[in-house]
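Coming up is one lone chain in structure tokens, specifically the form predicted on its own.
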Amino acid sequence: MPEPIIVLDGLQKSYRDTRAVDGVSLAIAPGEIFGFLGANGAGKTTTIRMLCGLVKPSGGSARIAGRDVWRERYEVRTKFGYVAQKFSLYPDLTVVENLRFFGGAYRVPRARLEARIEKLLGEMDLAAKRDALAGALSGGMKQLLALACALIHEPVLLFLDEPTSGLDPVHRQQIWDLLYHLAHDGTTVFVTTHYMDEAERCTSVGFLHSGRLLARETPRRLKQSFKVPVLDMHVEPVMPALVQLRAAPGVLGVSLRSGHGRVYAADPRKLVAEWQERWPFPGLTWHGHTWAEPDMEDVFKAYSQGYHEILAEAAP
């Protein structure tokens, strides 16, 4: 087994009385696409900032490629590339000038740099835009340029903070095709995303909630962790139904899916039986119900809203 690229052991970060990251431990292998999931404020950004050597941990340890992320942070920074959610390159420089600047910053040898630039221009579909100002590019092209700049020094690890946020489906797919190619070649990808269809594409995902790592598994196994089916209620009018169903006894949560109310409950079959015997919502019309297999959006909702344990422990 190859040595992990990232190893976290009880990693902690506190700000006065607030524990932003609370004892996170995990290991990520080379070539893995790891999805780091959690609601806003869960501690994802703080964790990444510690891994990047920008914030000193309050406790525990973290290592990248065998080096301590804080004590050896200057050496560690040569091992990874980072792509921010918002465009963070130089808008007044051309595509090639941005690549040369970052190549110089990462001390890529001059003899190697031009070959790297040409290779990345081809892989990122940026060759026709090589002399265009970065600030004039479309959103998708800007993100491809940011990815190229992060890869200029051939890092073993790539951090991406919501890399496809706001992009159209074509550019989203293009970026994920590139990530698959990188992972196949051995680059480890550490990605945060709020798109659950993208979480499905990761080799494994970790859920962070209030600074604690609640789960780390493959998407398939996380979906299988639901011990009860998901209930889709076909009720009209649907928007008032969401409000009333959410307040019903025994209901943990409700979301809108394809025009229906998706109900999360520890014992959904009991709920259906009770409602068939006596429908408690006189202003709503019940047209029927179906049972659905949980997807990653259901998993995310359960973990981010704190009822995953009830669902996992409920009897089928």
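Position 1 is the first residue in the sequence shown; the rest follow in order. The shown structure was predicted, so the numbers you read here are calculated from the model rather than taken from an experiment.
Heads up, the form predicted together with a small molecule isn't pictured, but that's what we're talking about next.
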{"property": "Sole residue of 66, 59, 250, 41 within 4.5 Å of the small molecule in the predicted bound form, by heavy atom", "result": "41"}
{"property": "Among the candidates 130, 212, 246, 194, the residue which, in the predicted bound form, approaches the small molecule to within 4.5 Å (heavy atoms)", "result": "194"}
{"property": "Heavy atom contact within 4.5 Å of the small molecule in the predicted bound form, the stretch among 22 to 30, 41 to 49, 281 to 289, 258 to 266", "result": "41 to 49"}
{"property": "Partner proximity in the predicted bound form: residue 94 to the small molecule, non-hydrogen atom cutoff 4.5 Å", "result": "no"}
{"property": "Any non-hydrogen atom of residue 85 within 4.5 angstroms of the small molecule in the predicted bound form", "result": "yes"}
{"property": "4.5 Å heavy atom contact, residue 123 to the small molecule in the predicted bound form", "result": "no"}
{"property": "Heavy atom of residue 162 within 4.5 Å of the small molecule in the predicted bound form", "result": "yes"}
